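To begin, one chain is listed below as structure tokens, in the form predicted alone.
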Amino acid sequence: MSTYPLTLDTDARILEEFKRGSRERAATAFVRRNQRFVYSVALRQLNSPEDAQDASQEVFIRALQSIDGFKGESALQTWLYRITINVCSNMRRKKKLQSWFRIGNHEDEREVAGSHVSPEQHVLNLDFHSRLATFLEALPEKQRETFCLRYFDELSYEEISDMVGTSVGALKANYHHAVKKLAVMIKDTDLYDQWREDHG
């Protein structure tokens, strides 16, 4: 009888699977569990679905190459966030040196969708999120990133604090200001009803 866990559905189980030597199985579960989060962060950093996809691949290559050195001093998602930010920063620097810029239209930004979302709901979410993204561009960077990590990625303030090195109190203020500004911007659009459902 196999002693493997039935599913690798937690970071702890995935890391244990790496230690046991089943690296291919662990790597597959690791990517599937974190691909939406990494892609979402990369997309916000690079504003291009194609570049975000390239960055995501590079992030997982780097992460899998160095995962044996992961000490568990932070959450695995925090570790991935920092790798993603570094990869995206390097890509932006490279593009500046090449004097080549391309801004995406966000049409594919939700292509890595959770399997628990129905096709119909996915279409509605895609439209809402892609249109909301145009308003997010008007927010200051810290407010925008705090809002996205909290609203889209559904992270706690404590998790975000570990990722970005900002106090929980400051993050709550950033989120509060972002919500107020976005509510004003979309109040006269058809996005407002769904916004009110999400934010009371």
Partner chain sequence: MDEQELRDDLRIIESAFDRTAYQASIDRATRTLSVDVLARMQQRRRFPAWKVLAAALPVAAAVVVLIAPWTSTPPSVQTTPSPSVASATVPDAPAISSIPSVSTTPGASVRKAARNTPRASAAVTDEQLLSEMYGEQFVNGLSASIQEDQPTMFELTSQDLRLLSMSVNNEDAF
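Remember, predicted model here, so these are calculated numbers, not experimental data. Residue numbers count along the first chain shown, from 1.
Note that the form predicted in complex with the partner chain isn't included here; everything after this is about it.
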*Quick one: is Ile186 in contact with the partner chain in the predicted bound form, heavy atoms, 4.5 Å cut-off?*
yes
*Can you check whether Ala170 is within 4.5 Å of the partner chain in the predicted bound form, heavy atom basis?*
no
*Quick one: does Gln65 come within 4.5 Å of the partner chain in the predicted bound form, counting heavy atoms only?*
yes
*Given that the partner is absent here, does Phe70 sit within 4.5 Å of the partner chain in the predicted bound form, heavy atoms only?*
no
*Do heavy atoms from each of Ser40, Arg131 and Phe135 fall within 4.5 Å of the partner chain in the predicted bound form?*
yes
*Note that the partner chain is not shown here; using its position in the predicted bound form, name the residues of 35-60 with a heavy atom within 4.5 Å of it, in sequence order.*
Gln35, Arg36, Tyr39, Ser40, Leu43, Arg44, Gln53, Asp54, Ser56, Gln57, Glu58, Phe60
